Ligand SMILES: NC(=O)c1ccc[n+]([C@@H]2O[C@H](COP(=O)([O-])OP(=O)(O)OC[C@H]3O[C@@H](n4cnc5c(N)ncnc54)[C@H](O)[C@@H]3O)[C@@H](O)[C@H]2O)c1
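Quick setup: one chain, the form predicted on its own, written in C-alpha cells, and binding and motion questions come after.
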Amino acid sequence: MKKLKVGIIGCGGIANQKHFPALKNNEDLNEMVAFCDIIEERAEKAAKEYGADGARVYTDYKELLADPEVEVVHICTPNVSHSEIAIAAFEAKKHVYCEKPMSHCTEEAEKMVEAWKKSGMQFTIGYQNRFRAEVQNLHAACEKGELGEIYYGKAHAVRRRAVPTWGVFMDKEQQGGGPLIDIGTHALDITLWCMNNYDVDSVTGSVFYKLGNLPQATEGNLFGPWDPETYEVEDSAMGFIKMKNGATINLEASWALNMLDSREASTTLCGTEAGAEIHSGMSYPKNELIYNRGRNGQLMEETISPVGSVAYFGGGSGEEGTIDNRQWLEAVLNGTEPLVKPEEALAVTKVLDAIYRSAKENKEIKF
C-alpha cells in the first residue's frame, strides 16, 4: 500500500504526546518527511526520532507547505494559529489534520471550512476521544435508539487541580481561552456526537476567574504550582445549551475547581428509554460506561464487561490516538470521510465561542 508523506507543523507537547507516536504506530500507511517548529532544535529532535531518511526541518510553516513531497499536514500549534496555517495548507493542496479545537473563534473556524470546501482536500479535527471503547459503545447504542429520545445531556470536563503549567496554556492571546477551549471541547464533542444533534438554538454561559490568581490555590496541582502572575485565562466555565428540538445540555469545564468529582472527556445522557454515563478522569481508576434503565419492575445498571472491547471499525484495535490516526490516513488514501467531520467540529467551536460571548456580554446568545 502507498505510504502518505506527512509533514508536522508544531513539534511541542501535543505532537510528542499524541501525533508522533500515533503516526509511528501506523508507519505502514505513512512516513514523516518534514518537521516545522519556530524553535529549530525541537524540529531537529523530532526529525531525528521519528523522521524518514532525509526528513527536512523547517522553522517557517510556509516553507514546509511549499515542499512538493508533503501530502498531509498535521497542525499542532497554539489555537490562534490554526486558521492561518490550515487555510494556507488547503491553498497548497495538502490534506489537513488540525488539533482541537478547530479554532479559537467562530469567524476563523468558518474561514477554515470555506477554504477546505474550495480545496477538494480532506480535513479533520483531533477529537480522538471518540475512539475510546466506551464512547464507541455508547454512540452505537444511541444510533440504535436504545436510549430513546435523548433530551438532556451533561458534558463533563472538570479537574479539581490539574492546571497545565507548560507551553502556552495560560496565554489568552495564543490559546483564546482556558479549560473551556482546552478540555471542555472534548466533552462537548462526545456529547453532541452521541446525541447526533448539532442544531443549537441558544447558549448561555458563565466564565470564572476565581482561583488562577490565588497563590494558595496552586497547592496540590497535579503539574506543580502555576505562576498566578501569568495566569490569564479562566479557571472554570459553565454553559447551558438549548437545542432547536428542545433538548438541553449542561457543559462544565475547569482546570481548578473545589469539587471532589473530577470527570473529564465524559458525558451523561438521559433518554426516554434509558440513560447512560461515562466516567473518566482523575476520580476514576479506569474509564467506564454505565447504562441505567427500568427492567422487570426494577431499576437496573449495566456496565461493559472488562474482557470485551470495541475494535476499530476499519480493523484492529489499540490506543485511541493510534486508532484515530489510522482511520484518518485510511480516509485520505481511500477518499472516504473521516469520522470527525469539519462541520461537526465547527459546531463545537461555535458553542464554545458563544459561552465566552454570553459571559462577557451577560446575555443569552441566539443561534
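Residues carry their position along the shown sequence, with the first being 1. These numbers come from a predicted model, not from an experiment.
What comes next is about the form predicted together with this ligand, which does not appear here.
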property: Answer option from His104, Lys100, Arg161, Arg130, heavy atom within 4.5 Å of this ligand in the predicted complex; result: Lys100
property: Heavy atom within 4.5 Å of this ligand in the predicted complex - residue from Cys11, Ile355, Val348, Leu23; result: Cys11
property: Contact stretch among 229-237, 249-257, 77-85, 273-281 - heavy atom within 4.5 Å of this ligand in the predicted complex; result: 77-85
property: This ligand contact at Ile39 in the predicted complex, heavy atom, 4.5 Å; result: yes
property: Contact label in the predicted complex: Glu108 to this ligand, heavy atom within 4.5 Å; result: no
property: This ligand contact at Gly184 in the predicted complex, heavy atom, 4.5 Å; result: no
property: Contact flag, Pro179 vs this ligand in the predicted complex, heavy atom cut 4.5 Å; result: no
property: Complete contact of Gly7, Lys94 and Pro338 with this ligand in the predicted complex (any heavy atom, 4.5 Å); result: no
